[in-house]
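Presented below, as C-alpha cells, is a lone chain in the form predicted on its own.
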C-alpha cells in the first residue's frame, strides 16, 4: 500500500502546499496574501509553515520593503517533488482495483 507523506497529509498543510504549487517555480507569495487566500489565522498558518519549513518543503524569507517588514513564502524544489509524489500516491489509492491489476 502506498504511504502518504504525513507532513503534507495534514489538511492545513495540504492546502498550503497545494496553493504554493500553483505558483510558477521560484515565485513567492507574501504571508498576508497566503493567509488571505487560505482563510487561516496568522498563528495557525505560522505553525504549519514552520513544520513545512522544517521538512524542507517551503522557504520562508524575511526581508524589508522600505521600512516595512515582509515575509515571503515559496515552495522549494523538494516541496514541489514531495507534493507531486503525494498526488501520485493519492491517485494510486483512488484508482479502481481492476485498473491497478492491469498496470
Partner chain sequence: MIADDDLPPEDPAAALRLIDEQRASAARQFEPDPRAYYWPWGLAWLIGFGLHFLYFSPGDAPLVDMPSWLPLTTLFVLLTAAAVFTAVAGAQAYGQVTGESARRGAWYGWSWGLGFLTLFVIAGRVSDSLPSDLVGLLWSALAVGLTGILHMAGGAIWLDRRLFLLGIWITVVNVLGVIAGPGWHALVVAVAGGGGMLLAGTLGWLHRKGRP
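These numbers come from a predicted model, not from an experiment. Residue numbers count along the first chain shown, from 1.
There is another form of the same protein, the form predicted in complex with its partner chain; it is not shown, and what comes next is about it.
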Legend entry - its partner chain contact at residue 60 in the predicted complex, heavy atom, 4.5 Å: no
Inset, instruction - Decide whether residue 38 counts as a contact residue for its partner chain in the predicted complex under a heavy atom distance cut-off of 4.5 Å. - result: yes
Inset, instruction - Give a yes/no on whether residue 65 approaches its partner chain to within 4.5 Å in the predicted complex, heavy atoms considered. - result: yes
Inset, instruction - Look up in the predicted complex whether residue 54 has a non-hydrogen atom within 4.5 angstroms of its partner chain, and give yes or no. - result: no
Inset, instruction - Could you list the residues in 6 to 23 that come within 4.5 Å of its partner chain in the predicted complex, counting only heavy atoms and keeping sequence order? - result: 9, 10, 11, 12, 13, 14, 15, 18, 19, 21, 22, 23
